[in-house]
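For reference, the chain that follows is the form predicted alone, supplied as structure tokens.
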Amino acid sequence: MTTQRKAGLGRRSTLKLGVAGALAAPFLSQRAHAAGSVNVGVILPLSGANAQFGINARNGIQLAADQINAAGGIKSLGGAKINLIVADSTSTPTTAVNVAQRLLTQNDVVAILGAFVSTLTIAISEVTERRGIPLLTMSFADQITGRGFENIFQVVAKASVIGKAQFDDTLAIAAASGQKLERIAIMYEDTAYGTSQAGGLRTGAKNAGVQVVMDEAYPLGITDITPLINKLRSSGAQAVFPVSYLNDSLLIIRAMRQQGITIPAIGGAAGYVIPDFAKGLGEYAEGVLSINLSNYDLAPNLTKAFSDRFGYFMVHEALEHAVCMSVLAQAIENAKSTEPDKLRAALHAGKFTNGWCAAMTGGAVQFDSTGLNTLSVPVMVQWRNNELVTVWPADVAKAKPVWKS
């Protein structure tokens, strides 16, 4: 059964919004501020090119909120329940800004969670910063926590760190298999996410003395992949590092394999680590590696609830958005208040270890003065028989990586 059919959350289906909301996409729900509830805004791309990521993320938030409510709600506020008010940003920053403005104007929300895509999150954060409302995100781009904002909280490592780990872990995996990497190719979409992560890849290669023989940006939503594949073929690279969302990832890997380019491909998370990747590529997905910020097999006691409910493994954006919800609830509990200044102080002051925070690679979440989680550690995963398996580093790996030079 497909992800969308079993979850009942396909792009064409009506959005099921818990605990008490109902939305008219792409904008906002009814105001719905029931007594004894805490309104939390959720802004995600539920339509457009990145809709599946938004649906996955919403599922993770909904699961976490339902679990919090079932356990008694926010106890320091007399058992107040989490009420999600969900809005569709679509996949464009301009719409995301408009949605954020309307959500904050029309609804009494204590914080916002979202928006997966870094360019959307950056746009929304301009609105939340002006309003003094906390925004919790698992978007990657360095710019998110690099502007001196006081109300942004990034639960994962930033993209340049992820990119460097993507390279460093690959170097170690190749060495363990007996191959010395000397020449690599980088191809990345020209977005905040892509450019930041490519920068980390370059840093890793420079530090290791590895030559980058291809370094190519391309527009998001590229339709003609031929020039990139031709450059890759003639580059002499021993491995390629593509950084892209789903549609582009499918084009890149399919074109490589169909044209006989068999060098290892190491994805940049995003499009490389969701079920749709394996579904879209079939046998071509087998053995593809990717960096990731979390993986369902590292916390099966928690993530099984997601697969039982939605019918597919808990992808990283679902898990990390569940972490955002969990952190926010713990901060409200600690602050004993939803007043923005107190909530902001609680987010900066705490080390969050309960709930979904335990599923993160660092076992907890702790923000520095910029709002970046300092405990997030990337891991390497690999597609094996339609499952995404953690393969590096060795101390957390569930299987040994397969490297085919």
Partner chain sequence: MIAAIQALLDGLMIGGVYAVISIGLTLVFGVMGIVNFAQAEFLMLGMFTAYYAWAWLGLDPLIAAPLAFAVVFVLGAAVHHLMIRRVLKAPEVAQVFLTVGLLIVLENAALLMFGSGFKSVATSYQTSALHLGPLFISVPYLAAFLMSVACGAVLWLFLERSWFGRAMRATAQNPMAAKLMGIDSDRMHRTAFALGVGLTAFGGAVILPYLTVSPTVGDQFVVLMFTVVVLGGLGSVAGAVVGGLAVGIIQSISGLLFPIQMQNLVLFVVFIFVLAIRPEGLLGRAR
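Positions refer to the first chain, counted from 1. Keep in mind that what you see is a predicted model, and the values were worked out from it rather than measured. So that the term is clear: the rigid core is the largest set of C-alpha atoms that superpose within 1.5 Å between two forms.
Same protein, other form: the form predicted together with the partner chain, not shown, and the subject of what follows.
This chain is drawn without the partner chain; in the model of the complex, the residue among M380, I55, I68, V38 with a heavy atom within 4.5 Å of it is I55.
Only one of L171, L251, A239, L77 comes within 4.5 Å of the partner chain in the model of the complex through a heavy atom, and that residue is L251. Although the partner is absent here, N301 sits far enough away that none of its heavy atoms falls within 4.5 Å of the partner chain in the model of the complex. Though the partner is left out of this view, G221 does reach within 4.5 Å of the partner chain in the model of the complex, counting heavy atoms only. In the model of the complex, the partner chain sits beyond 4.5 Å of every heavy atom of V365. Taking non-hydrogen atoms only, C357 never approaches the partner chain to within 4.5 angstroms in the model of the complex.
Partner proximity in the model of the complex, defined as non-hydrogen atoms within 4.5 angstroms of the partner chain, places exactly one of 162 to 170, 239 to 247, 306 to 314, 328 to 336 at the interface: 239 to 247. Contact check for I186, Q211 and T370: none of the three has a heavy atom within 4.5 Å of the partner chain in the model of the complex.
Annotation for 208 to 232: interface residues with the partner chain in the model of the complex are E216, A217, Y218, P219, G221, I222, T223, D224, I225, T226, P227, L228, N230, K231 [heavy atom within 4.5 Å]. Once the rigid core is overlaid between this form and the one not shown, L251 counts among the residues whose Cα shifts by 2 Å or more.
In this overlay on the rigid core, D308 has a C-alpha that sits less than 2 Å away from its partner position between this form and the one not shown.
A displacement of 2 angstroms or greater separates the C-alpha positions of L281 between this form and the one not shown, with the rigid core held in common.
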